[in-house]
Ligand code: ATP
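The data below hold one chain only, encoded as structure tokens and taken in the form predicted on its own.
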Amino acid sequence: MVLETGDFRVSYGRITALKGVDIKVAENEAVAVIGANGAGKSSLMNGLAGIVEAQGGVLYKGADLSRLPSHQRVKRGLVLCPEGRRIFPELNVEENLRLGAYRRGAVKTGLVKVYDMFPRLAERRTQAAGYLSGGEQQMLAIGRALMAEPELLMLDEPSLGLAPVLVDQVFETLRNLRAAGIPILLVEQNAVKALAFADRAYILENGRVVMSGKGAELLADERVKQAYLGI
């Protein structure tokens, strides 16, 4: 098992965002987490990444990461591509990418791989990131995460705010990464796309897992269709 949580909880003062969440991600597996706004999806990702304080167990490749700071988790290969992209708009494309390799790996090799995957970024490597389109900025955010050589890639809302054709491109990229053997944990509001992509999925509601199963099975479940898919 690559990742396993036990009674995972996140609170902000008196507000409890996650109320004991247990999830697993296996080798070569894509796992999706879906749910309504405020269900606790981003709190889960930020807690796993060590960006916000969390309680409960986090086992990554059998090692307890619960007390490790975020930069040490990245060093071990647990890498988050955050919601909202969080690029540095005043830096150019290549400078943003190089920041992703701060704790991991060979920069030149990483740049070659990212530019092969996203030729548009290679064309714009000296352009300020703030002038990229929304789709290009998402490519940059994913590319920056890949520069850290993830052994588990976590993505928080990678299709947020993108046109449908760009959403398709994002999920094609994720399929390619999965085919390359990178386990993926995906939080995504486009539930149809997420469930169609994932091997397994969890549904969060008010900070708890209320359903889980194979992605295809949840996609066909009438309760899931009515509550989350708008079908």
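Start at 1 with the first residue shown and count on from there. Note that the coordinates shown come from a computational prediction; the quantities given were computed from them, not determined experimentally.
What comes next is about the form predicted in complex with adenosine-5'-triphosphate, which is not displayed.
Asker: Given that adenosine-5'-triphosphate is not shown alongside this chain, does residue 42 nevertheless sit within 4.5 Å of it in the model of the complex, heavy atom to heavy atom?
Answerer: Heavy-atom contact with adenosine-5'-triphosphate at 4.5 Å: present for residue 42.
Asker: Is residue 149 a contact residue for adenosine-5'-triphosphate in the model of the complex, using a 4.5 Å heavy atom cut-off?
Answerer: Flag for residue 149 set to no.
Asker: Should residue 36 be counted as a contact of adenosine-5'-triphosphate in the model of the complex, where contact means heavy atoms within 4.5 Å?
Answerer: Answer yes; at least one heavy atom of residue 36 falls within 4.5 Å of adenosine-5'-triphosphate in the model of the complex.
Asker: Flag residue 220 as yes or no: does it have a non-hydrogen atom within 4.5 angstroms of any non-hydrogen atom of adenosine-5'-triphosphate in the model of the complex?
Answerer: Residue 220: no, not in contact with adenosine-5'-triphosphate in the model of the complex.
Asker: Find the only residue in 70, 189, 66, 169 having a heavy atom within 4.5 Å of adenosine-5'-triphosphate in the model of the complex.
Answerer: By the 4.5 Å criterion, the partner-contacting residue is 189.
Asker: Okay, which stretch from 22-30, 42-50, 177-185, 192-200 lines adenosine-5'-triphosphate in the model of the complex, with non-hydrogen atoms inside 4.5 Å?
Answerer: Only one stretch qualifies here: 42-50.
Asker: Using a 4.5 Å cut-off on heavy atoms, which residues of 1-35 contact adenosine-5'-triphosphate in the model of the complex?
Answerer: In sequence order, 12, 15, 17 come within 4.5 Å of the partner.
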